[in-house]
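Given as structure tokens, the chain that follows is alone and in the form predicted alone.
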């Protein structure tokens, strides 16, 4: 009697260029397709790829994506390890432990997992009260969701988890995995928008359709600084989104705040956020105005100083390296226009979330605009990433802000 043969697919094995090998060994979490010089077979989306060094020794293991220029997202470097259920559970526990003690009961919205910098390349997990939002930037995670999703409520106590998908993976998620952007993948239905607390202020997050995971949690520390600067001032919040900076300014006893954004939906959200905090006396006293307009055009058209504090927080102006020079010119123009509407003794807060523009380049552009204004100013602070958004490699370092005060 013959025994049928059993065929098993061999482990996907890669060798990479010397430069890529050195980069991975140094801790960089990405391997690009043009760095792969040998491969034992075709790989499939989301399978584990083992990278061997030039001496045929284990170097790293990561998630494989055959259709992306970013071919492997590295999960582990060093000695061989079994990526079993225990490994994944412990990897999540490490990320959560990093946030231990960062926030009290007055802040219930923050990041739990920050992608590559927490060892979860291409994946972020944010908390809004009892609701989690899992955002995927690579399809390589899609086949692993059935095993990973149960870990989230078990480790965090979250009552529900919403899946958000980068635009470039929505088609494959729908066609091959039956998943849609905004879908609840764990727990009960979610009443959207979700309310949460930040420094004692109440906000809403559109976790189903909103930008990123529903709110810009990364600007929390800068919002606090704006609140500390706002007393007795007239504030302009350009590119205001849902009014985060404005609410902090209002609580900080600003006389008035103006939200400027091109999106009527964002401005409506800002008005709702103010309504959520109407019982806070300083918020109730503050005059809140919304202006729907292109912030670039609106600022360029202003000719008189009308504000004591101006916040400039545009969306990313350089989504690829080729856009870097244009973004730097745009940042400089924004800063010049923002300075022009500042009254004597005013403050300028300028921020950038463009990873292709370095902090040094951005700060230099804003400082140059300050010098070109002919007004005397000093620098109060520059800031980078908040502690729940660590950035452990160059491409992850996108957020920066600079605070200037112009002398009377």
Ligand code: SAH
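Every value quoted in this text rests on a predicted model; they were computed, and no experiment measured them. Residue numbers count along the first chain shown, from 1.
Note that the form predicted in complex with the ligand isn't included here; everything after this is about it.
**Student:** Contact between residue 296 and the ligand in the predicted bound form at 4.5 Å, heavy atoms?
**Tutor:** Although the ligand is absent here, residue 296 would touch it in the predicted bound form, with heavy atoms inside 4.5 Å.
**Student:** Residue 331 near the ligand in the predicted bound form, any heavy atom under 4.5 Å?
**Tutor:** No, residue 331 is distant from the partner.
**Student:** Would residue 223 count as touching the ligand in the predicted bound form under a 4.5 Å heavy atom rule?
**Tutor:** Yes - in the predicted bound form, heavy atoms of residue 223 and the ligand come within 4.5 Å of each other.
**Student:** Is residue 110 close enough to touch the ligand in the predicted bound form, meaning at least one heavy atom pair within 4.5 Å?
**Tutor:** So residue 110 does not count as contacting the ligand.
**Student:** To verify the annotation, which of these, 282, 192, 263, 277, has a non-hydrogen atom within 4.5 Å of the ligand in the predicted bound form?
**Tutor:** Of 282, 192, 263, 277, the residue with a heavy atom within 4.5 Å of the ligand in the predicted bound form is 263.
**Student:** Would you kindly say which of 211, 130, 166, 256 lies with a heavy atom within 4.5 Å of the ligand in the predicted bound form?
**Tutor:** Checking each option against the ligand in the predicted bound form, the one that comes within 4.5 Å is 211.
**Student:** Hey, of 111-119, 130-138, 240-248, 75-83, which bit sits against the ligand in the predicted bound form at 4.5 Å between non-hydrogen atoms?
**Tutor:** Contact criterion met by 240-248 only.
**Student:** Going by heavy atoms, what in 312-330 lies within 4.5 angstroms of the ligand in the predicted bound form?
**Tutor:** If the 4.5 Å heavy-atom criterion is applied to the ligand in the predicted bound form, 312-330 yields 313, 314, 315.
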